[in-house]
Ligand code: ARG
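A single chain comes next, written as structure tokens; it is the form predicted on its own.
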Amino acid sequence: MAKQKTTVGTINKEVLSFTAGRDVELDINLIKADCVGTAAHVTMLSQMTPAIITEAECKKVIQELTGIIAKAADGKFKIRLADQDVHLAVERTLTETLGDLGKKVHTCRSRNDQVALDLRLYAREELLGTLEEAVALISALLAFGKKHQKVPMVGRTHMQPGMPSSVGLWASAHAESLLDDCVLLVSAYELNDQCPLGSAASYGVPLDIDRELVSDLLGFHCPIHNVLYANNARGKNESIILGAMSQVMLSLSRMAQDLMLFTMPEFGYFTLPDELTTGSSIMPQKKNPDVIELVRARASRVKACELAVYDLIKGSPSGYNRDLQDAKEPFMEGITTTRACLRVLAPYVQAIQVNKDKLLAGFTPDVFATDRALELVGEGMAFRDAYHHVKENLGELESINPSKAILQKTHLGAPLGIDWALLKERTTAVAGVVSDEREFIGNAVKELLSV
């Protein structure tokens, strides 16, 4: 059978294709991360005693790595099947240009800790991007809600009319849900912010490497302490991040479901922007809410990605197992899908038209029943007596004005008790985390690649 020579040995071509899987395609997303990680690694090798490579050689390697990053940005760096993955593609390129020096860069590391690092660097950037896009959507919801905070809207339970509410309460509820999701994303970011490099094949190396230096050079908070756990955390880390992403999608899906209902002609509370709807191939009049339908569907896909990774690792023994390779695709898909949904919904919210007449028409006298019962309690009647009095005299509620009804609800978190400043403060705090981290990481990487 045909064989193929690779950096790590000669292998049957069929086996090579099978084991490489989709890494040749997916690893395009990891080229910069792999080069940055290699730059930190060779910098550390040049500072060992005795040094594995000289400082001059280190500079040559980093120059070539910056060239690879530039090529990748232009779509000109290719990962071949014989490379199997980005790690060996970069090593091959360095060896082709630097000769024997290129053969030194893999000293004291394995592709196991290398891919674990690349995925954490990739996740670091993707999590910051997700937080930025969440902030944009939250800001859109808060602006929309504050603008329409006094517009009455029927509050529903069991999908049936319940009590007086407002558009502001509805919008800010979804914003606050996403703010809680940001807490999970930041927690996932903090867990991800640990460097696995130097753990090698899970068991360390017999040379005195400086793992803390590598972590610092890459802008991580700290190294993962235990070298076995550094590799055991592979998959677990991805699962945690996807768990946070699936919570974001849960929030988006529920908001999408509301928008589908409230934009139906039978409700007509909101009108979706024409440019963000789609048409029908047979019905000329259609303006379909395809975007929000797909958001709802893709919430299931992101959850499936999370479960796929979880199922891959739940029975894995300690140390690296090739099963982990198949966690890469759902990991990237789940993140990419979540970010796309966040991006598409922000302009949606900004362009929604509120139909006040339709919202007011949704109020029937029974919607005010609970409020009236509580008013009677305030006048001295026992609640259960007030409850039955109102139930038996619903006709007394016909003259209540929805706009005036919501003005009575001023306590914390009620329709006229929304603390918009607090919600904005929380949103600003998330944006601040992103800004600070981007600056810190940017400075670290810039200094690392400076030659």
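Bear in mind the structure is a predicted one, so any value in this text is a computation, not a measurement. Start at 1 with the first residue shown and count on from there.
As for the form predicted in complex with arginine, it is not shown, yet the points below apply to it.
Heavy atoms of Arg234 reach within 4.5 Å of arginine in the model of the complex, making it an interface residue. The closest heavy atom approach of Arg109 to arginine in the model of the complex falls outside 4.5 Å.
Within this chain, Asp85 lines the site of arginine in the model of the complex, having a heavy atom no more than 4.5 Å away. Under a 4.5 angstroms non-hydrogen atom cutoff, arginine in the model of the complex lacks Arg120 among its neighbouring residues.
Of the candidate stretches 320-328, 270-278, 341-349, 254-262, only 320-328 has residues whose heavy atoms lie within 4.5 Å of arginine in the model of the complex.
Only one of Ala230, Leu137, Ala299, Val115 lies close to arginine in the model of the complex, with a heavy atom inside 4.5 Å, and it is Val115.
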